[in-house]
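Okay, so here's just one chain, in structure tokens, the form predicted on its own.
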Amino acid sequence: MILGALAKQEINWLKSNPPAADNVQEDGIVMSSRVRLARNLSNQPFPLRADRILQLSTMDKVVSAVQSINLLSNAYVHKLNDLDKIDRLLLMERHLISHEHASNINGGPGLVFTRDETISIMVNEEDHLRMQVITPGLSPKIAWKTLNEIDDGLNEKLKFAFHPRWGYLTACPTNIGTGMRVSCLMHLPGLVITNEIERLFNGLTRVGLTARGFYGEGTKPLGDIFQISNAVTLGKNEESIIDDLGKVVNSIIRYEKGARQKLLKDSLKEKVEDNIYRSYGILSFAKSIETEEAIQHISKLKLGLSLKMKLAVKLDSIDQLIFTIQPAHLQEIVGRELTAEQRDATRAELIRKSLIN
């Protein structure tokens, strides 16, 4: 384990009231926005068709090109095969790499990321490059402005695979076109508690969007936190994809706020408040707690803050806690590999100390 210092840092893109966002939303419903681009080098096999030597050559080309981009001049560079499983899991927990990238122990997977962790580039995942920018709250336009600059700069150095009719060529057909995925990480406990979440998901598919889990595609939601993203890239330009997602996310925010208002009605209020205070009690006194249970209780505290309940916690610290209590973070923080039982005890202790402070 060599990323212990990273595990102890706050995640910069988790802010309850981000400045200059596209449309600042209260209550922390939108935790972050991410814009991601899939790019491949022209006249070169996709990573899954390339051997280790060719993948390592791609990594070297990307690192060389990155050094010429001002926004990436002081970025960290890691070959994932040089990291152990806990380091790779930590990077996934901090949303710097995908679940698939963390699991890849063959070939030449790599990662470039800035010191504030808002910009990262996965190398040799499904595509040669998966570039992303993450910003606080509902701010995809801000993220896109930064990523567009990086994309243009790297294209000059690397020459991305592009077809005049189909757009950017990608390993997965669903990414062909702009190669863009725009997503928002959203906390939606109101819709879950009022049993309206399935109707929301069904509506998303009709407008070309999708709901994924906490870590994106192929993962499940944790603590009523979902990733809402576009499902179509072909036939649309980048600005329209961002605008369309923004309109839907604003609608989801309204629905979530409406659902939370229902929770304040007499028939539900006492039960909801009781559940939230029970969660506070469990987190304050538990000696051992598993990840999913802990995050579910933390989610309830986050909901309680939005309902103006008197809880001795702050939104920013609650959001950070969702990430720092995950398995790799705990092991990096203590500096050694832990059994499941040891992680559960360490997690409970970290939570208790956080709530006391």
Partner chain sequence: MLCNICKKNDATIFFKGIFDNQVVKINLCEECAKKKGIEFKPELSLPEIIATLSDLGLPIVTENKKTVKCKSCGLAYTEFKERGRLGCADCYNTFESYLAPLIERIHGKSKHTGKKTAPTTLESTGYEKEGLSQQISLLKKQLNEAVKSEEYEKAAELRDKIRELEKKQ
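In this text, all values refer to a predicted model and were calculated from it rather than measured experimentally. Numbering follows the first chain given and starts at 1.
Note that the form predicted in complex with the partner chain isn't included here; everything after this is about it.
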Exercise for the section: Flag this candidate site as yes only if F46, D152 and H163 all have a heavy atom within 4.5 Å of the partner chain in the predicted complex; otherwise mark no. Expected result: yes
Practice task
Go through I253, I282, V232, I197 and name the one with a heavy atom inside 4.5 Å of the partner chain in the predicted complex.
Solution key: V232
Exercise for the section: Identify, from the list G216, G107, G246, G167, the residue with a heavy atom within 4.5 Å of the partner chain in the predicted complex. Expected result: G167
Problem - 4.5 Å heavy atom contact, N237 to the partner chain in the predicted complex - result: yes
Practice task
Please run the contact check for L71 against the partner chain in the predicted complex: heavy atoms, 4.5 angstroms, yes or no?
Solution key: no
Exercise for the section: State yes or no: in the predicted complex, is some non-hydrogen atom of E117 no more than 4.5 angstroms from a non-hydrogen atom of the partner chain? Expected result: no
Practice task
Could you confirm whether P221 comes within 4.5 Å of the partner chain in the predicted complex, counting heavy atoms only?
Solution key: no
Problem - Option from 173-181, 87-95, 260-268, 73-81 whose residues, in the predicted complex, bring a heavy atom within 4.5 Å of the partner chain - result: 173-181
